[in-house]
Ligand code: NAI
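Here we start with a single chain on its own, the form predicted on its own, put down as structure tokens.
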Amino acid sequence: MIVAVFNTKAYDRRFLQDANRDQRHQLLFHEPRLNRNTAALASGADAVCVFVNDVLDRATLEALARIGISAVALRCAGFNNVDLAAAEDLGLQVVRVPAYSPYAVAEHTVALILTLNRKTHRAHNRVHEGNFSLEGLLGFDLHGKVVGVIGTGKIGAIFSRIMTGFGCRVLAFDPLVNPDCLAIGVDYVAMEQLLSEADIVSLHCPLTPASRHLIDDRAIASMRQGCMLINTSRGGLIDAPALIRGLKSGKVGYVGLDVYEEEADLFFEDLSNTVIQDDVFARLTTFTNVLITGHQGFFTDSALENIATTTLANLTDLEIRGCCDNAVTTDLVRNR
């Protein structure tokens, strides 16, 4: 199969080429992101391969269908950037990588918590400047704290297990109860109870129309004073202006973000020599109790290897069988 691979960096190309030795697809790499203006780059290909910030709205999918594209392979688990109804109307098959390395994201979540709590990033900078003062570096014991986990799929379940290892009490909210979480003592509660009791709230749920801005002014008002909020899932789960208001009031005491709702214009690029035009993002970076990483939770060698292997295997399934177990349809969304 001829595959136009969009939004690629050197590391994407390396892992995909390594995985392709067993699959033998023809991979055509493109640095630009896929959208309605770049869709023509896929001319001559059978499928496109995309990442989290590529835009696959109806206009883009129509442009792809016109040039003979029959499949969209997502190098990620989330599919909120794809108009699935349009894909089905146009006869385009969509496949994804449902579980590349849940450990990678869960462990990055813990890294954000530990860094925010013990302020190791600030301590590191101080020591390099010869400043060994401990003022402003006071943290708290994780042992005995209440951690609220919103979304207990593979990543949320692994994160829950890690936090129980720290001696935390874990509360969870998810319409689907995960037996693995119950087995380690996780308590499933209503969202309101989770927000009001948790010292740390961590988001591990997909972005859907129902979950967009799940954390808004009302949710923040329900949180414990000084609560820590972590998001390594999708940026649109948090209403960023509401978060800023929560930080200014002191209701939110710590924030760790690996994702941001408008990250498509920022993340995965070197903008160090430019002026950031996103005023909301710029404001978030002014808070000393906010830690932001550029969507790197997935970024481990194991995860990239699994992403590449599964993505190419998905395309092989479509080519040989005409179907794939990792297909994404509107039925999947309705049943979540």
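Since the structure is predicted, the reported quantities are computational estimates derived from the model, not experimental observations. Residue positions are given as counts along the sequence shown, with the first one as 1.
Omitted here: the form predicted together with the named molecule. The next part is about that form.
Only one of 162-170, 115-123, 206-214, 67-75 places residue heavy atoms within 4.5 angstroms of the named molecule in the model of the complex, namely 206-214.
A residue is said to contact a partner when one of its heavy atoms sits within 4.5 Å of a partner heavy atom; residue 176 meets this definition for the named molecule in the model of the complex. Taking the partner from the other structure, the named molecule in the model of the complex has no heavy atom within 4.5 Å of any heavy atom of residue 83. Contact check for residue 202: every heavy atom lies farther than 4.5 Å from the named molecule in the model of the complex.
By the criterion of a heavy atom within 4.5 Å, residue 229 is excluded from the residues contacting the named molecule in the model of the complex. Think of it this way: in the model of the complex, the named molecule has a heavy atom of just one of 223, 150, 243, 181 within 4.5 Å, and the residue is 150. For the stretch 98-118, the set of residues having any non-hydrogen atom within 4.5 angstroms of the named molecule in the model of the complex comprises 98, 100, 105, in sequence order.
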